[in-house]
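So this first bit is one chain, no partners, the form predicted alone, shown in structure tokens.
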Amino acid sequence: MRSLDIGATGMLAQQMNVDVISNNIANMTTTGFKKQRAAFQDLIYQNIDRPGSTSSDAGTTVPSGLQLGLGVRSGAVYRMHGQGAIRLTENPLDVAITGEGFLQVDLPSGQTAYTRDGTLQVNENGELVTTQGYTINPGITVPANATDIDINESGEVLVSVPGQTAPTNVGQLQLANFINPVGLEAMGDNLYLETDASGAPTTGNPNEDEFGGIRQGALEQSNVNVVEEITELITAQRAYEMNSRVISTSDEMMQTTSQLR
């Protein structure tokens, strides 16, 4: 019976759906996390009577035909890059991006990664780095005798040093943007990598052109909505149960057939 295999494909699809939803819920407090959604596609169809086929010598055609679907499969898991809520931290090295764009990060491998996580720190050399110790690109070095750090909305990093009345500009934060950010490859640690699907990045200063601004002393929170995720989880659970019921019903029908005398 086709229904056994069809029900199995439905259960597998909803199992993956629950995996995606559970990952969203697990990252509901992850800085800069972007929620994901699973997309599904119907499988190929078995043509028993093809639509439009000739049904008589007079040239009449079958208006609808007879096609039987063979189930469902996972089509994609895509990321939704909507803006997350901004939470104030009062930490001068925390920055939130309000709008489009990603911070650029130099990886030890020589690659450039991209992140929305603005939890920045200063390493032993005074360089601005991520929590993993990866330097921000372009590199910015804070003097050891700096008494205050100010990062304005345009990404300029200004520091106050003893003996100088005016702040000193020690660097400029830049943002990168992609024509298709959904195509970025997530590598963990709140980092993304460029792919052919995302396209090449365009870079620029915050608050210019299509780039968002910088908010100092704040972090962008996950854009996961718990109520939506719980609703999606309940829907996935019910769909899983109904597909398992299809298999149970098919099994009962086969059992009835096998008991015929």
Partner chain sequence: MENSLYIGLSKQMVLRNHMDLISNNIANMNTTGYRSQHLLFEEAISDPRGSDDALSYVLDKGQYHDTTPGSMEYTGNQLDIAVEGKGYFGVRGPGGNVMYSRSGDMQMDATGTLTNSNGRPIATIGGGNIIIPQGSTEIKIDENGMVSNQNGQLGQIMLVEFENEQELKPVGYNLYSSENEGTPAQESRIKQGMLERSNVRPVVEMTNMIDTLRTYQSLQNAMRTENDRLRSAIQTLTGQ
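From a predicted model like this one, the values you see are computed outputs, not experimental measurements. Positions refer to the first chain, counted from 1.
What comes next is about the form predicted in complex with the partner chain, which does not appear here.
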Residue within 4.5 Å of the partner chain in the predicted bound form by heavy atom, from 142, 136, 176, 72, is 72
**Study point:** 4.5 Å heavy atom contact with the partner chain in the predicted bound form for all of 16, 127 and 166
**Key:** no
Residue-level contact is defined here as any heavy atom of the residue lying within 4.5 Å of the partner chain in the predicted bound form; does residue 85 satisfy this criterion? no
Considering non-hydrogen atoms and a 4.5 Å limit, does the partner chain approach residue 226 in the predicted bound form? no
Q.
residue 204 versus the partner chain, in the predicted bound form: is there a non-hydrogen atom within 4.5 Å?
A. no
Heavy atom of residue 25 within 4.5 Å of the partner chain in the predicted bound form: no
With a 4.5 Å heavy atom cut-off to the partner chain in the predicted bound form, the contacting stretch among 156-164, 143-151, 74-82, 114-122 is 74-82
In sequence order, the residues of 32-46 that place a heavy atom within 4.5 Å of the partner chain in the predicted bound form are 37, 39, 40, 41, 42, 43, 44, 45
